[in-house]
Structures are given as structure tokens and as C-alpha cells.
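Only one chain is included here, represented as C-alpha cells and corresponding to the form predicted on its own.
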């Protein structure tokens, strides 16, 4: 939603952008229903799954509430509230004791070193997600150890959408609106991954 509304967010002529925490959470629930065929509100909030969903939605709510002043600032163009910034802030807010969430990417597409893939993430990205035979969108999971604890790990590929290419597309090497360097990415190309750790 942040990616699709980037021009709207950066419009200096409009104050209230209508991107409240409630609106973003509602869109997240709508997207989940389309993708998974189920209702987030129907998940038992006392279950491990329900607790994680609650923590994630709370993280989204906190980030969007804190960003309202910036998003709705009239007279200012580029706000710096980019999809990658939003995602990083949400992962930082999402901090239940039994889980961890991270946004990462292929090493050649990393801009913020804090998002660099660890050894397992990098191996999955390079050997699975980039492989011609890997089904697009299919996650990879494994029960293993993470930071000395038994954990279930899952990583989900993310692909460049049209709205991503303003900053990450062509021509490669050109400066984007943030002053970063465009990677020359193509529509539908693997651009990142969401990595989840659930401690046992």
C-alpha cells in the first residue's frame, strides 16, 4: 500500500492523505483475504498464530500512527517514507519474545546493511528463489537453530512491482528520488524476501 501510494504521499499540495493506521490495517486484512482465502479476524487471538498476527498488526498501527505528521505534511514533496523504510520500521516494532521478523534481499540489492541476509537466508535466495525451477512466490522453511535456540524459520520471496521501479528500476546507475542508485531491476524480478523466525 505504501508503494502504490508513494506519489500520493509525496504530493505537497495535499494535507490529509487518508493513509491512517486504520486504513492501512484494513487494506492488509483485505490483501490477506485475497491471498489466503481466509479472514484474519477469524484466527483465534490466543493461538500462537493469532498472537503473531496481533503483534504484526500492532506494529503496522504504531508505525503508521507515528508517521502521520510526516505523511500529511503540506508543502513538502519527498517525505522519505518509502516502502523499505516502512517495512524496516514495522519489523523493528514487531518484537514478540517468541518471534523475529526481517526484510532482506539478494546481496547485490541491499542498500541498508542491517537488512543483509544471514547465511541461511542468502543460501535460500541464491539456490532456491533465483533458480529457474522454483515456483514463483513459494516460501522455504526449515526447523533449525537460530542464535543458539531451536527455531522454525520461514522465508518468503518478494518480487518487484511497477511501483517499486521508480527507485529500483532502469536505467541502472541513475539516481532515484532519494539520491540512491537504481539497480536496473525488472518488473517481476526477485527483489527481496520476508524472513520469519519462530522460537520453540
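Because the structure is predicted, anything quoted here is derived from the model rather than measured. Residue numbers count along the first chain shown, from 1.
The form predicted together with a small molecule exists for this protein as well; it is not shown, and the discussion that follows is about that form.
Undergrad: Only one of 71, 99, 90, 103 has a non-hydrogen atom within 4.5 angstroms of the small molecule in the predicted complex; which is it?
TA: None of the other options qualify; the answer is 103.
Undergrad: Counting only non-hydrogen atoms, which stretch in 56-64, 159-167, 36-44, 133-141 is within 4.5 Å of the small molecule in the predicted complex?
TA: Going through the listed ranges, the match is 159-167.
Undergrad: State yes or no: in the predicted complex, is some non-hydrogen atom of residue 94 no more than 4.5 angstroms from a non-hydrogen atom of the small molecule?
TA: Outside the cut-off, so no.
Undergrad: Quick one: is residue 11 in contact with the small molecule in the predicted complex, heavy atoms, 4.5 Å cut-off?
TA: No, residue 11 stays farther than 4.5 Å from the small molecule in the predicted complex.
Undergrad: Given that the small molecule is not shown alongside this chain, does residue 76 nevertheless sit within 4.5 Å of it in the predicted complex, heavy atom to heavy atom?
TA: No, residue 76 sits far enough from the small molecule in the predicted complex that none of its heavy atoms falls within 4.5 Å.
Undergrad: I'd like to know if residue 112 sits close to the small molecule in the predicted complex, meaning any non-hydrogen atom pair within 4.5 angstroms.
TA: Close contact exists here: in the predicted complex, residue 112 approaches the small molecule to within 4.5 Å, heavy atoms only.
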